[in-house]
Each structure stands twice: as C-alpha cells, then as structure tokens.
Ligand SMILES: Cc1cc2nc3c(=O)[nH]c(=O)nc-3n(C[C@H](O)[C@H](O)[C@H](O)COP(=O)(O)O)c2cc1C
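Listed next as structure tokens is one chain, alone, in the form predicted on its own.
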C-alpha cells in the first residue's frame, strides 16, 4: 500500500473534483463578532486551512437564526451576513481556488443555550427541557434553512452540509424518540419526510448542479431513541432507518455524506473518541462502511474519528504503531473501500497544514493531535477555540478561561 498515492489522489465530488482525500470537519470555534460575522481569528483559522491544501474544507456549523443557537459567538447565515460571507469566501478562494468550500447549516433546537438563546424542542428530552415549537414555528425554520442555502450559494460557497448529526435539530426530528403527533413525527415515513422536503426545496431554490449538497449524519447516537436505534425507548442499534435516509437523500441529489456518531452533549466519547477509549473509533469505520455499502459508487462517503489515531502513539492494542497511525489507517480504509475520504476534526486544529506537509514529503513536521481535548474544554466554556498544544495563543486562552472559571466558582460560594 502506498499511502501517499492513496491519500493524495483526486476524487470526483459531485460535479466537482476534490484534489485529495482530506476533508476538513466543521469545527465550531466561537470567534464570530456580535453580528455573527467572521473576525480576524476566524480569518486566520480558515486562511491556514486553505493554505493547507485539503481537498474539502467545511465551514463550522453556521446558524440560520440568531434566536436559537448553541454558541455565544457563533457564525450566522442570514441576509444581513451575506456581504461579510461573500468577502470571506472570496478572500479564501484567492489563497487557494482548488479547495472546495462547504457551509454546514444548522439550528441548535434543544441544544440552544438558554443563557443567551431560546431552547426549542421537538419533544422534551430529559435534561434538555425547553419550549416545544409549534408547527408554524417549524415552517418558519424550514424557510430559514432554504434561505440560508441560497445565501451560501450567492456568497460563493461550493455547497452545503445540511446537518443531520450530533443532537442538533436535524437529529431531533429524525430520531425514533420523535413520537410527537405532527407531520414530521411518529412513523419513520413522517420523520424522514422532513429531510426529503428540505432537500427538494433547497434544490429548487438553487437549481445549479455544480452546487454541492450532502449531510453529516450521526449513524447511531448511542442513547435510547436516538438516531440508529430500534425504537423510541431503546439504545439497541438498528441502522435500517439511517440506510433508508441516505438512500432517499441520494435520490434527491445528495452527492456526499459525512459519517459520524453520537450526540456530544450526551455521548461525547462516541462522537469524539478520547485517548483513554480510542477503540470507539473502530465503530465509526464500521458505520462508514455501512453507508458505503448502501450507496452508489459515485456518492462520496467521508469517514470520521481519525484524529485520535495521531502518529500512532495511542492506547490502541494488538496492532503495530504504524498501522494505528492516522495516515496509514486512513489510507487502509480507503484502499479497502470502506470510505472515499477521511475527515480531520481536532487534527485540523492541531495542524491545518497537514495535507500540504504530507504532499511535500514533510510528514515528520506534522503536528499530530494528542487528543488532550483542551479544545473541547474551551468549547464548553464558550471561549474562542483552537489547539492549546501547538498554538500558544489558545494555550493562553485556556489559562485565562480557567482563571475566569475559578473566579466564577468563588463568586458563587
């Protein structure tokens, strides 16, 4: 196996071409301004990613509304943001016109932070109580998703990721737990219709075959009634609905899927495998293979949870250091036909230049993610997010965040 040949080979991505097999995950970094526009920190992060030469870069979960969101300083995609987003895309395309740029569209729903936002639920989930939205409110949300897709197109993005993962609104509608009696609740035929209607409306709003559309999907959320379970009150894995979902979306124009799992607020070690339990990453490769086996050859399947493999210095057992490294393991999965591309999440924070360094034969210079998960701590604390191991700026942010957190604890005692 020649991992360089495999990972650096181009692949058809819908009507476009990805120059290699590296796909950058949408990593929320909480550094937008008060209007939801990119700041200097946002520019710096994405400039480095575009210089890094990944085939595809996904813009972090960009919210379709400022009323229901999970991050204090989240990027917005509303009409008022289009000028800033157009400038942002143009700037990045000047740095590297070959990298495809996708926008991940999201609504936080029951994961909206009530400290500064309104929490809306499909059906009240224990521990995540909020207001149950009316059907009229949901019709407005659907309109906002379609408008956001049009704004992404008009801003110059190459496509969108319609987010159906990680416990956000798309997951909340699709999961078996949604037994609510309404047009998108109860039987699977009703729940899946939400995604089908949304895709069809977006395709009509943006009738350009070059504009890519796909979804990141939590194949199994890992809790009773979550996506990929056998019913509303069991965690037992049953992927029949997920398979039907991706096949139905493929029929409606989806050109790619990003496989994921879990819901970070509930099953974080499944979504983002940690260094103490890296073997959860093996589940992701199985889930990716399930998607790959049930989709057309031309539909791209992107596999997740490779960051934990790093340079091979991890706690995975019964395998050589080389074979449990990110680049070797990723190339093996592509060669075996389990996935078409590998996604980099935490690793993209650790070293946004990885694809370029790899292409130039500078593998020894790559900063591999240590899975310390300090970036996750920053996310939870609503601080600007980056790699605290290799980027001193974010090391200082972490130190300051911990100081502020300590002060808050003292103030309440």
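Numbering follows the first chain given and starts at 1. In this text, all values refer to a predicted model and were calculated from it rather than measured experimentally.
Below, we turn to the form predicted together with this ligand, even though it does not appear here.
Point to revise | this ligand in the predicted bound form: contacting segment from 177 to 185, 112 to 120, 132 to 140, 266 to 274, heavy atom within 4.5 Å | key: Contact criterion met by 266 to 274 only.
Check your understanding: Using 4.5 Å between non-hydrogen atoms, is residue 344 touching this ligand in the predicted bound form?
Key -> It does: once this ligand is placed as it appears in the predicted bound form, residue 344 has a heavy atom within 4.5 Å of it.
Review point. So in the predicted bound form, does residue 66 come within 4.5 Å of this ligand, heavy atom to heavy atom?
Key: Residue 66 lies outside the contact set for this ligand.
Practice item. Evaluate residue 324 for contact with this ligand in the predicted bound form, applying a 4.5 angstroms cut-off between non-hydrogen atoms, and reply yes or no. Key: Answer no; every heavy atom of residue 324 is more than 4.5 Å from this ligand in the predicted bound form.
Review point. Does at least one non-hydrogen atom of residue 53 fall within 4.5 angstroms of this ligand in the predicted bound form?
Key: No, no contact at 4.5 Å.
**Study point:** Residue among 314, 333, 73, 307 with a heavy atom within 4.5 Å of this ligand in the predicted bound form
**Key:** Answer to the contact question: 307.
Exercise for review: Could you work out which of 28, 47, 33, 363 is the residue within 4.5 angstroms of this ligand in the predicted bound form, going by heavy atoms?
Suggested key: Spelling it out, the residue with a heavy atom inside the cut-off is 28.
Practice item. Output the sequence-ordered list of residues from 366 to 394 with at least one heavy atom within 4.5 Å of this ligand in the predicted bound form. Key: Residues within 4.5 Å: 375, 376, 379, 385.
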